[in-house]
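Next up: the same protein chain in two forms, each one alone, written as structure tokens (structure 1, then structure 2).
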Structure 1
């Protein structure tokens, strides 16, 4: 019963969080300057007042703010994200078309940065004060200070233009329809590599620094000194007493950075012409397509909540003592 009650409480908190996020998103988007009806009318070549009034009435833009908000929340409760002003298609269909590539990019960058950061940070922490520690720390500092878009362009110049090892842009080769399953998967992986590295590089630098500091701190704790005094080998001490405790702050911080990573995907997808939610967000902003923007913000928020739950699960797997809390 205790587990069920905790699960229900967590689910209730998630639903309330989604409703609050949806309300804030709706308020901010509708507070932004610009009139969607004017944008649509300009694309149609008609700007008379009657046409604008008809457009506002068609999309409910002539209703009071609270009425529009209530209608939007009601649609969300029915899992209806609305209808795109510009593309005249259900927002759900537009998002589902782009969700797969964005999930692929974001999750690849997340695990790449987390695994790479923990590994490099552990190497630096174990060799604290030596040349390898200084080298890893210097590279991490340079990656952290490098703008994402510049790093992406430099990787394209080196690995695509100069070395011709990897494709520069897109999701797959234009001839991918004729590929077999394995060849297609390999082609997508080659297109994914540079965007994932670009998006994950700055976060890997942060996790490297955090893991290094955490491991140095754990190494000075009493339980590690006691294990060493009992005659345990360094490998056993590292595996059983140091890595797990040192990795907990890194995993917790990584969960908090997911929102920033999803936001950074907008820039990366634009640089690499990756057909994900970031490109769709950019197009929706320029077109003042409110339903698409609201749907994207809501889906991205749900993605952040889901990854935070995944991070919480990873913490519990790393430290079973958290399972009783």
Structure 2
């Protein structure tokens, strides 16, 4: 019973979130300077009066505000995110074909930053006050303050331009799939490396700082003293009684950061011409293709909610109090 009601609560939360996002979208269209229809059309068809009139009819723009909102939400429920008059294709199609690369980038950066941050933070926390702690903390402080797009450019400058180790732009250099799936995967991985590291590094810095202070706090807790009093060695105490406890707030915080991370992906994809939703966003911004932008915002939000469910699950695996209580 409790599980069902909890599931229901989760679902209503998601539906609520999507409704709020749809409302934000809709309000934005209406608060934009000029006619909503011309916003929906983007700058492409703004001159054609007949075209605008058709749009007004389709979206019911002559109806009262709430009815229009209803029409809009109804369209979303049918997965109809509108039409890009720029690219002459439905927005849903445009987004779906770009979804894969973005998920690949965001998820690899997410796990990279989490694993790296927990490791570095634990190292720094253990050597609290020693030079290795200072070094890790200093790098984390600098990375934390680095604009993500600039970090990407600097990595390109070093690893692609100077050292020529890794490709700077794109998703794959291979024009045909005659090389076989393994070679193709390797090529994509090489292209993925710099973007994922760029996006991951910033958040790794955040998690490093958090993990460091969390570990220092846990080290002072009573149950660590208990573990010592029963004769456990320091390594066993770290493994069995400190790491998991200290990682808990980091994972919880990482869940909150997913939204920001997806935002970072937009910038990183722009830097590396990674053909995902971010690159699509940049192109839509440049072309002022509003239907695409609105659709992107909605889809990316749903993506964040989905990843949040994942971190929720991770927390439940780590913390029995959440799973039972």
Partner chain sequence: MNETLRTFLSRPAGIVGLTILGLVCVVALLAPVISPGSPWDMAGMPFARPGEGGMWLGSDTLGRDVAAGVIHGARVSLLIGVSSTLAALAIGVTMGAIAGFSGGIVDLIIVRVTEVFQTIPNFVLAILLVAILTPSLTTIILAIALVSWPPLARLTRAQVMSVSRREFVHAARCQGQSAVSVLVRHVLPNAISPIIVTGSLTVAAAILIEAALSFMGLGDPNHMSWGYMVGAGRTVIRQAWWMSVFPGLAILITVVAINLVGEALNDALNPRIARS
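Remember, predicted model here, so these are calculated numbers, not experimental data. Each form is matched to the other, and the largest set of C-alpha atoms that superpose within 1.5 Å is called the rigid core. Numbering follows the first chain given and starts at 1.
Handout entry: Structure identified as the form predicted on its own
Key = The form predicted on its own is shown as structure 1.
Problem - residue 285 C-alpha relocation of at least 2 Å between the two structures, rigid core basis - result: Yes, because once the rigid core is superposed, the C-alpha of residue 285 moves 2 Å or more between the two structures.
Problem - CA of residue 68, rigid core aligned, shift of 2 Å or more between the two structures - result: The answer is yes, as the C-alpha of residue 68 shifts between the two structures by 2 Å or more after core alignment.
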